[in-house]
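Single chain ahead, written as structure tokens, the form predicted alone.
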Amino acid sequence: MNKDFIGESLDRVDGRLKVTGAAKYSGEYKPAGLTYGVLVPATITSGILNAIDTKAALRASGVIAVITPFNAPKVPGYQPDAPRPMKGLKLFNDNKIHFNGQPVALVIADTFERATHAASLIKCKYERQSFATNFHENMETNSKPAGEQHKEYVRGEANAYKSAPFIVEESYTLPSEMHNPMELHVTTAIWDGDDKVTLYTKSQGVISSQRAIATAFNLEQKNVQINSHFVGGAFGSSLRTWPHEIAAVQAARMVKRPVRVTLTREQMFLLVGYRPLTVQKIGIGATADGKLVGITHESFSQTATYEDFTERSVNVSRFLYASPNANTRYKIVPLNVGVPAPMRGPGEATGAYALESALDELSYKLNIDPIELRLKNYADVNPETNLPWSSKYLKECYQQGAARIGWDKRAQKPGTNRDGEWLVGYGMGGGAFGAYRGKTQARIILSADGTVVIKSATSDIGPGTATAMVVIAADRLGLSADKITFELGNSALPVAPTQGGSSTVSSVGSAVNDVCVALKQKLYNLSGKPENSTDPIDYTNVLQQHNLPSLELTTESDVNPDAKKYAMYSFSAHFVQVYVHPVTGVVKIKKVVAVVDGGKIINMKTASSQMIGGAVGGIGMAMTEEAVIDDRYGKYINSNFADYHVPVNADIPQIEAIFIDKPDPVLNPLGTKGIGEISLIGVAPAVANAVYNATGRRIREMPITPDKILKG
């Protein structure tokens, strides 16, 4: 076959399995003797668990055991003398309470319902201690995180923006956004003797999960088997091994039977991370013609008292625009809450919200079109490192996005564009995210019937990883896609990185590319023809001629050594049209255009889905999502899907995804970069900027709700 598959729109290879229910997720495996674990939450926010009464629970029907800090077998990796002591919350290792809802016990029973009932019978005695959950009242307790990467950054002169004739100095607030994919976090643990364990768990990286469980229980890594064949969404919540996963393994060892621990929806708000509440202070100054003089970006971000979480919220201000002076500071504020986690576009999405909002404010002070202002400060090389970009087509993103949204209909003066009783506004926001590639192995097996199986221990949290790999293999081998299968989600497969940071196609795709090229070379050698021959060969005939039932190869793909000579990023520009009702404050998002410089696009169909999904997440950030704590008790009051608002179908308009689709010549042999993060980065400020353009009212605290618009 001579058809080029890359860039076409192949249906998801696992789509039928998912829509028919044949795809098995981590909570659907039922080993013999399966038991069920339910976590019991603390009802105080800080203090000591002095005693726990488990008698009634143990007498309840079907209950097998109750694990508490007072009877739990020690987890080796939790101990201070461990070779590599584990960080974070160590369930049942001590009796200290760090946040409301922290698990204090695990009830194990023969059914989930019986375990749930028994958990309600647990009684605890606490010594209450003072706590802090109000971010704004505790901002002064901030500290600079440890590590060279978090030191204050200065290019040129610090706070140089203050000397500019036109200045914007504002604060921008993002509330906590909670990780709540459709699939709950579920872990099933099965021991084989005392030194081997198998887990079915929701993981973005089966190899990293394998390593974490081996470290926790002092096992050889090869004796830990992680299975995560299908993942019902994660967005970053499964980038690490959480304490409830270790508790499931601990419980299974204790009761000598398989144990499944399923988090409730409310526990999902507490135990698997979230985008942290962040207050950002931006100072930005420019000359009258729009040239930037300086940018100062300071971020204060929520973390836990027991573990520091950091992200790169200020970094985007160092390189996105060609400002001669820039300085950034990053601080964290410890509170009695669960620890945050990376969430789609981590750091960069938060930072771009502040930077792109401030830049929009500056455009009005200068009376310059927001796109023109960005073009006046376009960075032709990375200002932070002085390295050339491996590729950058952000100007094309601006041009195409403006044309498709109808930017020429935008009124420069806010509040003057109407359609009937509705105010009409247009806004845009840009984004950037690092383009990465990691060392990856892939194995290929060509069978005598002409079918191909490729294996690599990556994960798929929804973008269509297997589909992209089949497209690459079909293109490189010249086979039809229905002859190719890609296996993933299994730690016994060849090593692959965790799915995160928009790097899977770059990393795993490169390995698939390389192993396919190696297989073709081997087949040409066996056929006696040169690999660059224009004569096609019949793969099955070659195997038959050499009496081979199959041919198997494993290769490893690594980072391009020339990559360090370049700044490698994906870029995006998001454009939004909104209608705002001046009497009610209701905002309707009418259209979103997302334009991406993400290198060569492997599969247009799944890539477009990625962009649409990211835009939906950005709309949630701008319009609906906000976790609310009652600071009297330190407890979330909207930890459910009725009160925590995510965008629904009625909130989502037409979303158009456009790809520049030009290959990056440096990052990998496919020319891809990555789109998972930049699909969201820049959407929230585009919405906020459009609302201002419609109303003349600048909302600097997300989400944008009618009361904030009416208050002005």
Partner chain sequence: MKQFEYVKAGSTQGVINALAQPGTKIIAGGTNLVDLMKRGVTAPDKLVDITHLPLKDITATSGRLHIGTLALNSIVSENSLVQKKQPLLSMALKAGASPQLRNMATVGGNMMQRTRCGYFYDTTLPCNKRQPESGCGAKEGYNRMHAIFGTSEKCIAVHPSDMCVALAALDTTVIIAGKKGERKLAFTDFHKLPGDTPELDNHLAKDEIILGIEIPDNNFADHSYYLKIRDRQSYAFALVSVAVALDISNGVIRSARLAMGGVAHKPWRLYDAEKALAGKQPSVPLFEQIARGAMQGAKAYQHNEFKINLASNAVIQALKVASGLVPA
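Predicted model, so just to flag it, every value in this text is computed and none were measured. Numbering follows the first chain given and starts at 1.
Unshown form predicted in complex with its partner chain; subsequent notes refer to it.
**Student:** Counting only heavy atoms and a 4.5 Å cutoff, which of 203-211, 499-507, 585-593, 345-353 contacts its partner chain in the model of the complex?
**Tutor:** Within 4.5 Å of the partner lies stretch 585-593.
**Student:** Name the residue from E152, E157, D558, E266 that puts a heavy atom within 4.5 Å of its partner chain in the model of the complex.
**Tutor:** The residue in contact is E266.
**Student:** Out of K635, R476, K96, K376, which one falls within 4.5 Å of its partner chain in the model of the complex, going by heavy atoms?
**Tutor:** So the residue touching its partner chain in the model of the complex, by this definition, is K635.
**Student:** Does at least one non-hydrogen atom of E421 fall within 4.5 angstroms of its partner chain in the model of the complex?
**Tutor:** Yes, contact at 4.5 Å.
**Student:** Is M623 part of the interface with its partner chain in the model of the complex - any heavy atom within 4.5 Å?
**Tutor:** Contact with its partner chain, yes.
**Student:** Is E170 part of the interface with its partner chain in the model of the complex - any heavy atom within 4.5 Å?
**Tutor:** No, no contact at 4.5 Å.
**Student:** Would you please decide whether H645 lies within 4.5 angstroms of its partner chain in the model of the complex, comparing each non-hydrogen atom pair?
**Tutor:** Yes, H645 is a contact residue.
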